[in-house]
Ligand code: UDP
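Here we start with a single chain on its own, the form predicted on its own, put down as structure tokens.
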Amino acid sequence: MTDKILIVGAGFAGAVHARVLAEAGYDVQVIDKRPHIAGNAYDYTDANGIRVHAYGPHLFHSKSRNVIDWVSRFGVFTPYAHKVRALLPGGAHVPLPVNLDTVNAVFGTGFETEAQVQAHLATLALPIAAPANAAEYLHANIGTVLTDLFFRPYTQKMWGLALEEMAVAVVKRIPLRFDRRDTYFADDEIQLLPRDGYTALFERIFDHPNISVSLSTGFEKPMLEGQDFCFNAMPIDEYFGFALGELPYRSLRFHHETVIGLPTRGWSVTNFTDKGRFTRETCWHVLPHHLEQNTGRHTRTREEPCDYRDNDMERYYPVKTADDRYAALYERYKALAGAETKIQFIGRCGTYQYLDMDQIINQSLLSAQRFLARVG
């Protein structure tokens, strides 16, 4: 039986593996190069009495009852229907994803039914049967006007690439609606936030006698000595010394601002459709249980995308291009990893995938269970 497990990364991928294996009797050591647990979900209470997500808003949503049940073991969750508004050049805020009210605001129409919106968009859509990139997918579904307003500047800022260079999957994540639904995520998803925050949630996940956590500790290959297996969430190309080249990521710089008397509004996140440097803004106090102390001050955070090499190598979003060149490079690294007998790469950076929190939890539960079945 395998006794000692090293887990690199204290985010969701590492935490789920750690807890499942610890409950199965394994001695688990978790390390993370950052000075805190919870990975990109890490949150804290700032001087304004506001809970802030250090790496941008993390809104938990899932269709998996299994995932919800597992994570709910470690904290109380509050229902939360996430809403996003896009700021138009004229100053109006409209729902995003695009819906009936968005269409009316942009085109000056007075549609009341889904059928009217669908018919209107059909007149704008271009006849592209098999879209080869993000631009063609949007043109085939909503035409050029909405594409150029809501997606083209945002994509250029976010990814540093034109829509024509991006994979369809990048924009396909955002639903297209024809009714007045104005929540961001799909209606069939369970949408929640941890009442006490993500950091407290992770503290409870790691609270097991078989788990030890070492922070501000980067991975070094000699650490594998004495370990029976390693689940590694570090960037897979970094592990192999970038031998085949770098896998690119987009990163974010966060600009925090203290605001006095910021009015409460019905949404927490605003997307910017202009060509300025910011992509979105979060007003944290709008999120449930994030106004922890009423100081009369609120915190507003704006996000500025950049290359990860320009932000202390902070990797957030794998780059997915229409020609899949980086996916092909990852596959070559994956082949190298296949020769490693004591390591499995996990998480967003280990598998070079854009994964939501619930997807990481689900993958990690399955991964840990497969490991337990394999070793008996």
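Residue indices: 1-based, along the sequence shown. Small disclaimer: the values here were computed from a predicted structure and weren't measured.
Below: the form predicted in complex with uridine-5'-diphosphate (UDP), not depicted.
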### Query
Considering uridine-5'-diphosphate (UDP) in the predicted complex, which of Val103, Leu201, Ile142, Val171 comes within 4.5 Å of it through any heavy atom?
Val171
### Contact residue in the predicted complex, from Tyr239, Tyr249, Trp284, Phe151 (heavy atom within 4.5 Å of uridine-5'-diphosphate (UDP))
Phe151
### Query
Is every one of Thr155, Tyr184 and Tyr354 in contact with uridine-5'-diphosphate (UDP) in the predicted complex, taking contact as a heavy atom within 4.5 Å?
yes
## Note on the structure
Within 4.5 Å of uridine-5'-diphosphate (UDP) in the predicted complex, heavy atom basis, the matching stretch of 105-113, 163-171, 253-261, 294-302 is 163-171
### Query
Quick one: is Leu96 in contact with uridine-5'-diphosphate (UDP) in the predicted complex, heavy atoms, 4.5 Å cut-off?
yes
### Query
Is the gap between Trp159 and uridine-5'-diphosphate (UDP) in the predicted complex 4.5 Å or less for some heavy atom pair?
yes
### Query
Can Tyr317 be called a contact residue for uridine-5'-diphosphate (UDP) in the predicted complex at 4.5 Å between heavy atoms?
yes
### Query
Counting only non-hydrogen atoms and a 4.5 angstroms cut-off, does Arg280 reach uridine-5'-diphosphate (UDP) in the predicted complex?
yes
